[in-house]
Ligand code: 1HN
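We begin with a single chain expressed as structure tokens, specifically the form predicted on its own.
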């Protein structure tokens, strides 16, 4: 809207001419645009939204029957499009999420890109992802990393399809104009299926760092974070809480872990935070807000998110997007609720946008 259109009442003809000059020069005066340019608190275009896993998977199966995987299309990935983002293939303004489906014995070709990526496996096994020449098994509950610029391809060794969640920082990279992409070889030469990847054999020992790797690396060198370790960590927290130990869980009945870079202790990926949460039956995470957007997936169980006052019931595999500064609480149902979460928090924190004056935090929380 031009400055002239913004003026609701008759005004000095000289001001009218000034606004016309603004339009001609591609200028917009701050005094007519302040609310959109500098709102009192974040007003994200993305809205809280749920995608049902049962519907996503059924659609992916249909795509598997009709859409080939190969050079050009590269991946049979179906991105989640937040209804508030007007058709963009983004879950939030900074996060991209998709369901990737690989049919029996199919191969997804090798490529690499500047964007950071991960894969989280809801169910199934039989696919190996090759990351910089290192074959990595993908199994239920595993978090697999593909840091920016890592070559990667996938191959399904079984006669059954497999689907998983892909998460990337594509929207953030696009906004910053940092996108790069490169095709790899047309064939996936390494189709080996080792039980453990080379990266796990080097880095997958808790608290033990190889002397050959004392230099800090900004992106985690560990290719896979296995469910057995995640499950044990969450179980241990809740067991200790039940024994009467204090301070071992995030909230009463709420165990949580963050996937970290073993060389720095920081987030496993520099632009994406990844976490796993477990709530006891009937437990609740109290309402809170944060200056970051996130996507949650139900790994096991059922429950509900309450986002900005709206209740969103969830069950196995469902995905929920929580925009920046949305008030969210989580409730578990009659059984344990396991949740995978990823967010843009590392970027927000590096830029120090998460630090608020007390007066602003108080005013905007209520």
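Only a predicted model underlies this, so the values are computations on that prediction, with no experimental measurement involved. Numbering follows the first chain given and starts at 1.
One more form of this protein should be noted, the form predicted together with the named molecule, which is absent from this view; the next part is about it.
Undergrad: Which residue, 280, 198, 75, 251, has a heavy atom that falls within 4.5 Å of the named molecule in the model of the complex?
TA: Of the candidates 280, 198, 75, 251, 75 is the one lying within 4.5 Å of the named molecule in the model of the complex.
Undergrad: Since exactly one of 119, 219, 273, 155 fits, which has a heavy atom within 4.5 Å of the named molecule in the model of the complex?
TA: The residue in contact is 119.
Undergrad: When the named molecule is placed as it is in the model of the complex, which of 259 to 267, 110 to 118, 188 to 196, 227 to 235 ends up with heavy atoms within 4.5 Å of it?
TA: Looking at the other structure, the answer is 110 to 118.
Undergrad: How about residue 296 - does it come within 4.5 Å of the named molecule in the model of the complex, if we only consider non-hydrogen atoms?
TA: Residue-level check for residue 296: no, no contact with the named molecule.
Undergrad: Taking the named molecule as it sits in the model of the complex, is residue 174 in contact with it (heavy atom to heavy atom, 4.5 Å or less)?
TA: Flag for residue 174 set to no.
Undergrad: Verify the contact flag for residue 131: yes if a non-hydrogen atom of it lies within 4.5 Å of a non-hydrogen atom of the named molecule in the model of the complex, no if not.
TA: No, residue 131 stays farther than 4.5 Å from the named molecule in the model of the complex.
Undergrad: Does the named molecule get within 4.5 angstroms of any non-hydrogen atom of residue 96 in the model of the complex?
TA: Looking in the model of the complex, residue contacts with the named molecule include residue 96, since a heavy atom lies within 4.5 Å.
Undergrad: Check each residue of 155 to 173 against the named molecule in the model of the complex and list those with a heavy atom within 4.5 Å, in sequence order.
TA: Going through 155 to 173 in order - heavy atoms within 4.5 Å of the named molecule in the model of the complex - the hits are 166, 168, 170.
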